[in-house]
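Take a look at this single chain, the form predicted on its own, given in structure tokens.
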Amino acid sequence: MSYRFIIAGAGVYGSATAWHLARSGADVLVLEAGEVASGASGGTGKRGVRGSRRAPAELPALRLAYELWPALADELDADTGYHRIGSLNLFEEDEVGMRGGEDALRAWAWRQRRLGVPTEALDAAGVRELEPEVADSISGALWSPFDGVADHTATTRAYAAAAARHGAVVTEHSPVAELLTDGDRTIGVVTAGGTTHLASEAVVLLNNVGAAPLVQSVGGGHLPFWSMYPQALSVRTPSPSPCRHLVSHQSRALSLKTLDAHTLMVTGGWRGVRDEADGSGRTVESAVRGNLAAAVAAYPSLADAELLTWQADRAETYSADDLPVVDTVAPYRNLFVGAGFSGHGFAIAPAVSLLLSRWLLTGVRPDELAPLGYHRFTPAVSRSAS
């Protein structure tokens, strides 16, 4: 059967892009290797919707995402768990390194305001007005009131359900195994089950760790990606959670999100390892201890918290410059890829999926996606006179 667009992956990017395309009237097929939200877009807890400390290349999309998130639940007719609670990036007086201190704090706040992320530099007293239980060592913070949290699993499923209501076909347990090409065009896919689907306009790879191998299989450009298993912990606090906002740390690998009155999600860039026996991810005891120690260093009352869950079972794709690639793949003019989101793609998903759908429908790349293009890996060509 033929569709106008075929999307590989029913995570948040595949599901959201399918929704935008389907409600425009396009025929869309989404092929998911597992189930909707079964990969990096699902799992326990919540994700941050964060502009603070985000790379400038992502900020055009982030500014649009700030506008889209508040109304998204109503548009999808489903709860996304979104709450604009603000974020704090905590600072300490570091004994080593060159990135701490009050001057750095004010410089970061200025930079973020200039780039469209409302931010205030707080001193120690200002931090404690918002987060009374932080450690004595915390000397300041970046306060970004437009940041927040959302339920990534609920959001992804809401997008997929909305896409289906608009006519998109979402097929689970149907991984894309092969791309079909004809000259400089991608004309379809073959699933692992042997079913061929044709695409009249474009094939879009939004399938996280599966994107780069498919691109390589047809001689496309090299994608400088690798996969890791981010660690996610949850703890139960004997008293109400001390963390009132989305909290990260300038120099410690730490991110904190309160899930309910007594449950706190603890992450921050610690990683698990791949279990070679079955290919799944698992936590490492030293990383669990390190993540908890970082949390206690920021909030001493967490020393009495009980570890509830520890997981590192969902692979995420990281890129060489910590930025995603959202672009066509040479030499194919209608093969699109969106991958390499490096653990921080969820916040900008509403914006990037909307912009990508516009590109697919009009053939014109939105300016906001230009910084995420593959061209940034291409060396500049010398123009010396002949």
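Residues carry their position along the shown sequence, with the first being 1. Treat the numbers as computed from the prediction; the structure is a model and nothing was measured.
Beyond what is shown, the protein has a form predicted in complex with a small molecule; the following relates to that form.
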**OP:** Consider L142 of the chain shown here, and say whether it contacts the small molecule in the predicted bound form, taking contact as heavy atoms within 4.5 Å.
**Re:** no
Original post:
For A295, is any heavy atom within 4.5 Å of the small molecule in the predicted bound form, or not?
Top reply: no
**OP:** Please check if A33 has a heavy atom lying within 4.5 Å of any heavy atom of the small molecule in the predicted bound form.
**Re:** yes
Original post:
Wondering, does S319 line up within 4.5 Å of the small molecule in the predicted bound form on heavy atoms?
Top reply: no
Subject >> Of G210, G188, G86, G221, the one that lies within 4.5 Å of the small molecule in the predicted bound form (heavy atoms) >> reply: G210
**OP:** Identify, from the list L335, A40, L29, L355, the residue with a heavy atom within 4.5 Å of the small molecule in the predicted bound form.
**Re:** A40
Subject >> Candidate stretches 102-110, 309-317, 283-291, 130-138 - the one whose heavy atoms come within 4.5 Å of the small molecule in the predicted bound form >> reply: 309-317
**OP:** Kindly confirm or deny that A10, V176 and A232 each have some heavy atom within 4.5 angstroms of the small molecule in the predicted bound form.
**Re:** yes
